[in-house]
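One chain comes next, on its own, written as structure tokens: the form predicted alone.
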């Protein structure tokens, strides 16, 4: 460990993250309604492997075993998401008590295990019934999301204190509604801009609903953020990187921190977007900001697309999904968010890597992932030393699961999932993480005794 554990505060939370659609399975059991991902996965060619999330990791039935794994790893905290169509099958209206009971049992077991739950309300599985009515492109979704947030806070708010309204609104807007590689598979830039706006309005409405139910609520949002570096020293590439940064980072961070939409991007998007003033004067009311980081973006100028910018694949080390390994960009990002936006608290709500893991002699050795995690935790420790108010770190992900358009072909877990048998095996990276957490606790006990 090289005393890496001692570089984190005693109260620092070491956790892991998952998402409902990626692990739960039970896609139509106990009254659950269909989601946009249930529908999207059935489109020919939508998922590279031709799979669906109908079974995934079967967590809906195996959750006691999975909480046991978290306890075995020594996790302080666990980030999970609620499936909106599992608890309100049609998005509005009748509540599915059997779906709510599942989450109540899961939360209770986490608390009995001494694991602090961080609950994400929306991790991409919109009820299909709402999509039929326009989905995130319809203004109707905002009050529907607020009502859903009110329900979950009312039922779980006595046990859950830590909330994220949305996961990666940038991906929801652009992967789902511009490139169309995610559900609902729409390809229209104007729609994507409108969706991004409705997501920010929905965050505001949901945060207000949660706080109205619980004075102890700790409310944030999980944003996918990346430094955007120009591919060359040219002014054209520098401007392209600035536009990419505006779309990916500032379009969401600025309004959430009371600045409204960034003026350069609002001007660029003006032909598509006329409602920017609806967020003027609103500061997001964030108790914390969650940072999902995987890789930086290297950008060159282009003559195509609304941003006139393309991503470049830089030379160097990459993961199995093709993403560059660049931990110093992680440190830079954390420091930048702190220095430019001054959030009260920050969490790494996702960070991890996909590698081509194999079982040999009933064991999964994944030294590349161990190196990846050690280098990124070191970058996080350096950010803390620079003054970043980082309170916790959630590895993506607890176990291999349904990786969206990649199906089960990309493995991010620190626990291996055998999809034929549903057997779980802790990988070498999971053993590394368990040792880091144990060493951190021991060092905290030693410090308290001195």
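Residue numbers count along the first chain shown, from 1. What you are looking at is a predicted structure, and each value in this text was computed from that prediction instead of being measured.
Form predicted in complex with beta-D-fucopyranose (FCB): not shown, discussed below.
Contact check for residue 366: no non-hydrogen atom falls within 4.5 Å of beta-D-fucopyranose (FCB) in the predicted complex. At a distance threshold of 4.5 angstroms between non-hydrogen atoms, residue 292 is in contact with beta-D-fucopyranose (FCB) in the predicted complex.
Contact check for residue 245: no non-hydrogen atom falls within 4.5 Å of beta-D-fucopyranose (FCB) in the predicted complex. By the criterion of a heavy atom within 4.5 Å, residue 412 is counted among the residues contacting beta-D-fucopyranose (FCB) in the predicted complex. Each of 124, 323 and 350 places at least one heavy atom within 4.5 Å of beta-D-fucopyranose (FCB) in the predicted complex. Of the candidate stretches 192-200, 109-117, 164-172, 85-93, only 164-172 has residues with heavy atoms within 4.5 Å of beta-D-fucopyranose (FCB) in the predicted complex. Checked against beta-D-fucopyranose (FCB) in the predicted complex, the candidates 396, 40, 63, 393 yield a single residue with a heavy atom inside 4.5 Å, and that residue is 396. For the partner-free chain shown, 396, 403, 404 of 383-411 come within 4.5 angstroms of beta-D-fucopyranose (FCB) in the predicted complex, judged by any non-hydrogen atom.
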